[in-house]
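Given as C-alpha cells, the chain that follows is alone and in the form predicted on its own.
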C-alpha cells in the first residue's frame, strides 16, 4: 500500500451539467465553483466582488477546465438574481445543480438589531435560497432531475453569540430544505443542506481565528484538525452528483465531529 496524498473521487455524472453557485467569488463559494469546474461541469456564479470573480474565471480557464460564467449580482436583489439564472440557462442549458451559498456572518449584538438590519440580514442569508430554487425548478423539471444544495451553519447548533439574525436564518434554511425536498421530490429534484463547521476561509482567518480559537477548535472537534473549504466542497460534489440520487431532505454535517 502506497502512503501519500489522498486521491479524491471524480463524478462523471457532473460533466456537462449546469451548476449555479451564489456567492462564488470567495471563501467556500470559490471552492465550490473551482471544484465543480474541475469535474467538467458548466458553472455559472454570482457575487458582489467583481475583481475576485473575474480572477477566478481566469484561473479556471488557465488550468484548462470549462470556463465559468460570472455575473456581478447582489443576492438581496431577487430580480437580478433570477435574471442571471435565466440568462446563464440560455447559454449553458437548464440549471441542474444549484448551490445556495451566499451569506454574511458579520457580528451584531441583540441590542443593535433594528427592523432594517433584521430584514437585510435575512435577505442576504436566507431569502435568496428560496427564490433561486423557485427560479431553477422549471428547468430541473424539464431535465428530469436536479440537486439543490443549501448551505447551513454549525452556528445554529452551538453556543455562539453576537449572531442572532444570522443564526436564525441558518436554522430557517434547514426547515426550508425539508419542505422543498417534499414539495419537489416528485419531479426528481433533490434538496439537501450542508452544515459546515468552523471553516478556515481567508475571511475567518483574518477576522476571527487566532491561536486561541484554533486551540478551542481542537478541543471541541473529535478530529483535531482544521477544516478548510475543500473539505466542505467534497460533500457538495457528492450531493450534486447522481451518486447521491436517493438522498434528499437531509442535513449533512462537515464539522470534524464538533461536540
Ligand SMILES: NC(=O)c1ccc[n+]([C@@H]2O[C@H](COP(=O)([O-])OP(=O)(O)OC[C@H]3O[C@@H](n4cnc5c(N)ncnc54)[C@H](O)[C@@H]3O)[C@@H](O)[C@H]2O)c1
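Positions refer to the first chain, counted from 1. Note that the structure is predicted; figures quoted are calculated from it, not measured.
A second form of this protein, the form predicted together with this ligand, is not displayed here; the remarks below concern that form.
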{"property": "Any non-hydrogen atom of residue 26 within 4.5 angstroms of this ligand in the predicted bound form", "result": "yes"}
{"property": "This ligand contact at residue 133 in the predicted bound form, heavy atom, 4.5 Å", "result": "no"}
{"property": "Heavy atom of residue 234 within 4.5 Å of this ligand in the predicted bound form", "result": "no"}
{"property": "Contact test in the predicted bound form: residue 124 vs this ligand, heavy atoms, 4.5 Å", "result": "yes"}
{"property": "Location of this ligand contact in the predicted bound form, chosen stretch of 183 to 191, 85 to 93, 109 to 117, 144 to 152 [non-hydrogen atom, 4.5 Å]", "result": "144 to 152"}
{"property": "The single option of 34, 221, 201, 40 touching this ligand in the predicted bound form, heavy atom within 4.5 Å", "result": "201"}
{"property": "Interface residues of 44 to 81 toward this ligand, as seen in the predicted bound form [heavy atoms, 4.5 Å]", "result": "47, 48, 49, 73, 74, 75, 76"}
